[in-house]
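Just the one chain here, laid out as structure tokens, in the form predicted on its own.
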Amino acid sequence: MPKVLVVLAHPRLEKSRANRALLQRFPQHKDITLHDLYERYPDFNVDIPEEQRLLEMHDLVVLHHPIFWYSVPPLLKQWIDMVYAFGWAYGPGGVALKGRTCFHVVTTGGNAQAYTVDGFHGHTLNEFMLPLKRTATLCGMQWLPPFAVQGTNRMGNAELERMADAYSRMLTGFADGTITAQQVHGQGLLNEVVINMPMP
């Protein structure tokens, strides 16, 4: 079965109601690893060989983070810049990540309507994520659409619980092989597939 690595990057996790709710439902599964970058590297001194070793041990890479100014938090950006190294992840001989699958779990304060062509931000969430998509595909990884928890500023407890349940079932499904990249490839958001999946 696929081994799943969840790379968490939230600089103020203790203040994030939505992300804490998701993590409270994080599955205890032998093939799912949670790796908290801000806990591991509070000084931003990333251990590149160790991070590369961790990536090599997993088949599916999930980058879990809030959207910061239409991108990722600073430590995750540094992690990508340094760990996805020339000659290791891309370029001549850079095939360490080839064949792996990658997607993002993101939270946004703005709701889904805000991330539309006619909405407040003027672009879709997937459009804002194009540089991240190209980074993954340049490294030979298969890109899947994000799992997005949007409108967190006004989200009620019941809806947040529903999203946390979907998050847990999604990670477990990928690790167990009941959700595959082929099933979700080409969807707008992973939410569209996972939330409506029947309970096991």
Partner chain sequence: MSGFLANAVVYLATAVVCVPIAKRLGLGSVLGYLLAGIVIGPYALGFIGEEGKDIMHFAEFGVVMMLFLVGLELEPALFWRMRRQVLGMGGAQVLLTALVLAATSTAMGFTWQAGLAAGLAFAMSSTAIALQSLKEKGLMHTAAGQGSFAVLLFQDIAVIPILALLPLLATAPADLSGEQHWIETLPGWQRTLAVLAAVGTVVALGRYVAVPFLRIVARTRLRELFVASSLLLVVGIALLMETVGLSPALGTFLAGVVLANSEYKHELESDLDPFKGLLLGLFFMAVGASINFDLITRAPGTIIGLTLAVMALKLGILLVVGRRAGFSFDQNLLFSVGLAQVGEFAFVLLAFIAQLALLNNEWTDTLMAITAISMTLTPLFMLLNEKLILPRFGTTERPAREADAIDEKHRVIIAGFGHFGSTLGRLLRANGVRATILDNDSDQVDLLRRMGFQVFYGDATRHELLEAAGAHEAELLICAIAPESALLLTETVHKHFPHLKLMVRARNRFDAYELMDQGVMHIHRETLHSSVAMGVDALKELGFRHYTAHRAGQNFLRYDEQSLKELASKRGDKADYISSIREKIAEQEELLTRDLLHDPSANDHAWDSDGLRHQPKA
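The shown structure was predicted, so the numbers you read here are calculated from the model rather than taken from an experiment. Numbering follows the first chain given and starts at 1.
Beyond the structure shown, there is the form predicted together with its partner chain, which is absent from this document and is the topic of what follows.
Heavy atoms within 4.5 Å of its partner chain in the predicted complex belong, among the stretches 130-138, 56-64, 39-47, 164-172, to residues of 39-47.
In the predicted complex, no residue of the candidate spot (K3, K98 and T101) has a heavy atom lying within 4.5 Å of its partner chain. Using a 4.5 angstroms limit between non-hydrogen atoms, R154 touches its partner chain in the predicted complex.
The shortest heavy atom separation between G188 and its partner chain in the predicted complex exceeds 4.5 Å.
Interface membership of E192, defined by any non-hydrogen atom within 4.5 Å of its partner chain in the predicted complex, is ruled out. Not displayed here, its partner chain is approached by F68 to within 4.5 Å at the level of heavy atoms in the predicted complex. Residues from 1-39 that approach its partner chain in the predicted complex with a non-hydrogen atom closer than or equal to 4.5 Å are H10, P11, R12, L13, E14, K15, S16, R17, R20, D36, Y38, E39, in the order they occur in the chain.
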